[in-house]
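As structure tokens, one chain now follows by itself in the form predicted on its own.
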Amino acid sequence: MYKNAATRVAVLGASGYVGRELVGLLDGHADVALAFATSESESRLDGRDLIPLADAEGRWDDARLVFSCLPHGVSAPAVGRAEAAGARVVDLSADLRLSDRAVYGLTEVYRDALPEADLVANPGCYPTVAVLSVLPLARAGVIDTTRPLIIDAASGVSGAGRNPRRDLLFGEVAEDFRAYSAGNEHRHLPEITRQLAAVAGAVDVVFTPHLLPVRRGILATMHVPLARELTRVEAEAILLEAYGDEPCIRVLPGALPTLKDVIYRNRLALGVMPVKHVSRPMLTVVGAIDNLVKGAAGQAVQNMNVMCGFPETRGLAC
């Protein structure tokens, strides 16, 4: 049964890791009710019936807002059909993140555009942690854009999705640690560079993701070339000025975050450390998020809350 006066929403692709996380968050949200959810591989989720995507064609009118957790390349056509039926959409795939027709759903950056948005492209998990971690420094004009910004980020295996793959079996991942998409070829790189370029101009970014032998979480270590020396206190002050009032970002003065600071929370945790023994100034910024929450489903709910005029953290633990 629907909650009284609740806004009805739908989830496309509810049986993947992100979709399941999203359904769980929506179940605990006081202002929404799930009208329907789809899956091509499962018929039930937590006692709820799931329907094939094809059956959603007659159900668009049941939902005021649709979340798409469908695979990349599959999501955009379904998003178009939901839009045509009059639904607002938050797309969690990569299909529309570089499209000018969607508001890029980095809530803390594009909050003012969300209330009027009918289509929001939820950012990728790696761009969320990387861009939010570095953006205040870019705005402060302290990044030396003549040198590359180095990002090494490690994610839990849930970031690779729920479809079975031999290289993600427990016996392959446990007690191991590996880089992938080396050589600056990861599909999230254009998201990162586009967002930073909008503030700092062209900047070279070298991004190397790694696979952690844990289920969830991202820890990103960013080596930022500086135009001038910054003490740790000065760098922390830049982050605190930008994020001191943000409900879902925690700057940790005098400390660096770990995954324990963010798991199961819609939170980015940040810490900084000046780099010693180098010829030109650099700053190490460490950011941590839960890839399934702030990196995906939680940020989607945060965006929905702003779109619909709900309290921004409603249904979220930040």
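Predicted, not measured: the structure shown is a model, and the values here were computed from it. All residue numbers refer to positions in the sequence shown, first residue = 1.
Here the subject shifts to the form predicted in complex with a further copy of the same chain, a form of this protein not shown in this document.
- Only one segment in the set 220-228, 126-134, 98-106, 72-80 has residues whose heavy atoms sit within 4.5 Å of a further copy of the same chain in the predicted complex; it is 220-228.
- Between the options Ala113, Ala198, Ala84, Leu169, the residue in contact with a further copy of the same chain in the predicted complex by a heavy atom within 4.5 angstroms is Leu169.
- At least one heavy atom of Arg267 is located within 4.5 Å of a further copy of the same chain in the predicted complex.
- Proximity of Pro247 to a further copy of the same chain in the predicted complex: non-hydrogen atoms within 4.5 Å are absent; the residue sits far from the partner.
- Contact annotation: Arg187 falls outside 4.5 Å of a further copy of the same chain in the predicted complex, judged by heavy atom distances.
- Shown alone here, Val233 lies farther than 4.5 Å from a further copy of the same chain in the predicted complex, counting heavy atoms only.
- Using a 4.5 Å cut-off to a further copy of the same chain in the predicted complex, not one of Leu26, Gly58 and Arg64 places a heavy atom inside that distance.
- Counting a residue when any of its non-hydrogen atoms is within 4.5 Å of a further copy of the same chain in the predicted complex, the hits in 138-153 run Pro148, Ile150, Asp152.
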